[in-house]
Each structure stands twice: as C-alpha cells, then as structure tokens.
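Next comes just one chain, in structure tokens: the form predicted on its own.
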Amino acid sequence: MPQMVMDDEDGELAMLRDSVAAFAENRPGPKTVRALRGDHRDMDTAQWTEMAEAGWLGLMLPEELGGAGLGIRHQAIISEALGRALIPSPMTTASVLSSLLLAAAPDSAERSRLAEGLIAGSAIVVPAIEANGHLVRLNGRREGNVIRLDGHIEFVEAAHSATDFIVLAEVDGKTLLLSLPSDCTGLSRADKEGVEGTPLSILVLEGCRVAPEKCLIDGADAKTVAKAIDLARVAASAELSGIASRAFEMAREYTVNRVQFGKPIASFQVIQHRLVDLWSEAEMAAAAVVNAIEFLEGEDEKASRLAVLAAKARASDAASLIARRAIHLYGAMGFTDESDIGLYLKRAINLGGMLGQAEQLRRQFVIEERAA
C-alpha cells in the first residue's frame, strides 16, 4: 500500500492515521460527495464539527491560542488519510491556512475569537488571499475610522458556509491582513459549479467597510504569508498523495476481480505493466511530500521552498494521472456515476488547482532554482 513513511517512534502518526480511518468507516467519503453535490452544498458542516471534536481543526494552532501546537508532519498524516477516504472538506484552507495566518498575527481580541471558533468548528474561517497560485490583494483605503475594501477574489471554496473570511488589502502603501464577516455589507458572491459539482465562488467587494479591530496584521510581511501558503501546499499535497494511493489500490483490486477470457485481467502482462507504473507514481508522490516535510523542518529556506513546489506539482500530477488511468482499466464501468473512481479523479482535479497548478509550480521551481 503506497503511503507516506516517516519516523514515528512514539506512534503518534499511526494513531492519527488510524483515527481518520475509523472516522471514515461510518462516514463514507463518496456518499458524502454525492450528497453535497445533490444538495448544492459546498461542505458538510455537521461533519466539520465532528472533525473539530476529534481535535483536527486546531492541530497547527499554537497552544497559546488553544490549539494542539503540532506541526506539518502530523497535519500531513491527517490530510493523506482524508484523501484516501475521499472525505470532502476545506481542511487545507479553512483549517491549515487559517491556523497558520492566525498564528502569525499578534495578540488581539479578533485573533482569539477566530481561533476559538476555528478549534470548536463553530467558526468556518476561510482565507481568500490566493487565486491561480498568486496572492490577491484588495484595494483598500481609510474612510474615517473604517477601512473600505473593493475588488474581487476568484475560486474561493466553502464561501457559502464561511462565517468569516481572511483577506489581504493594500492600504496606504501597506499590506493588511483583515478579518471579514461573511455577511458584511458590500460583499457578494458569484458562484460557479466546480468539477466535483460543489460551488466555487467569486467574492465581489464593493464599498465593503471593515472596522479597525478586524485588522489581524497591520503591515503583513509577504514572506510570512508565503510561508503559510507553502505549508498549506504540503497539506494539499498530502491529501493528493492519499487520493493517488487509494486510486491505485482501487485499480489493482478491480483488475484482480475482473475476469475476462476465463481469468483475472490482472494476470495479463500489459495490465501488470500499467499497474506497476501507477504504483511508482503513487510512491513517488508520497516520497515527494515526505521530502518537503523534512526540508521544512530544516534550516535551508531555498531548498524547503523548492521541495514544496516539487511536492505539490508531483502529487497533483500523480493523483490525476492515476485516477484517469484507473478509469481506463475499469473500462465502461469507470465512466459511470455509480463508480467511485470518477469521484477520486474529480477531487484530484479540484485539489490540483488549489494553491497553484502543477505546470505553474514547475515553472516557478525553475525560476527560483536558477536564481542566485
């Protein structure tokens, strides 16, 4: 079974992996995906609350904010297991990225409120700071003691369920990190159906006014925000790696059980060659994520950055490739909506586009690798 392999002397990582597997037993991911699609919902809020009760949502928040204070190694295990089980959730953005941005902010009442709600699952805090792999900064200006925001942000997930957004804005030559209530006057949504059938939103801000106490960071450092996004990319990569691994296993299981000409099609050499190729892709994706984690825990910032870009690109390509080829191995059955393998492909495509497409990240890798 392809999966991430990391040192685990105290067994914590194995316990986290088992906890997600146990969670998924009574909450089949494909069933949830179909229910969300049928109801035109962007997430299962009841399931999100259960994740909060399991302690997963505050995993990367520091202990001073009530979180577990754990690192990307632990988060990656959870994300990988969620991907394997196809449990749909905005974990990468509304938990990981939100936690990292709040952890980088100075102490304030708003920071504490958001962190407390995030941990409990009562506040769904969605960062809307990135699209197509680039930071999005809204236009902002001060009007008296409030900040007026104008602009738009594309491809925001869980916008319907969000209670709060975290946005970036340029105000008086500085970048501000702001909290924005989802019911803010002047904020509207334009929805577009995503690949999975759940909505992705464009947030449109026209004269949206924010109180000064909603400012989380007055003068947000681009390096700090980029670091948070890179860690979130690793979480997304781990989930994609889980999708890739499970899609391979599903293809192998199907070919073992599918009988043609009196014997399983897995006994045919051409099928065995294809399965070996898919297994290699899944293993390489898992190894790339582990490599990124190990570099992030070191001190070489450039090497860490390159490893993160490589992991996201590798895992995105692997998950999509394996799921596509698995559908081919399934034959006509793979194209039916009753077959779960198609849902894995759609999830892989959605996650692959989050925080930068694979081709874009590869180009960025080359640029940064060649930089002095």
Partner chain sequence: MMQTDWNSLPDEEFREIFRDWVDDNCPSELRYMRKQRPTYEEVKDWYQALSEKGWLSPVWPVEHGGMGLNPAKHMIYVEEWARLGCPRIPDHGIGLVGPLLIQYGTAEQKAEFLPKILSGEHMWCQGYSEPNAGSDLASLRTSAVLEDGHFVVNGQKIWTTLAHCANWIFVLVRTDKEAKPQRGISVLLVDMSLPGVTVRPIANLRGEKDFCEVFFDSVKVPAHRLVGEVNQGWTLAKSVLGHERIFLGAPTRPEYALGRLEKLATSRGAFDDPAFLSRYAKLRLDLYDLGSSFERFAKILRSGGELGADVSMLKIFNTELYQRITEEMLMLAGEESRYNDDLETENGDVDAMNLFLDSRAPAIFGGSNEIQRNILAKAVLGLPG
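Model, not experiment: these values are computed from the prediction. Residue numbers count along the first chain shown, from 1.
The form predicted in complex with the partner chain exists for this protein as well; it is not shown, and the discussion that follows is about that form.
Of the heavy atoms in D337, some are within 4.5 Å of the partner chain in the predicted complex.
Mapping the unseen interface onto this chain, A120 falls outside it, with no heavy atom inside 4.5 Å of the partner chain in the predicted complex. In the predicted complex, the partner chain stays beyond 4.5 Å of every heavy atom belonging to K31. In the predicted complex, the partner chain lies within 4.5 Å of some heavy atom of F295.
Contact annotation: of the candidates R189, R113, K174, K192, the single residue with a non-hydrogen atom within 4.5 angstroms of the partner chain in the predicted complex is K192. Listed residues S108, S182, N291, T224 were compared with the partner chain in the predicted complex; N291 is the one with a heavy atom within 4.5 Å. Of the candidate stretches 23 to 31, 320 to 328, 62 to 70, 46 to 54, only 320 to 328 has residues whose heavy atoms lie within 4.5 Å of the partner chain in the predicted complex.
If you take 278 to 292 and check each residue for a heavy atom within 4.5 Å of the partner chain in the predicted complex, you get W279, S280, E281, E283, M284, A287, A288, V290, N291, in sequence order.
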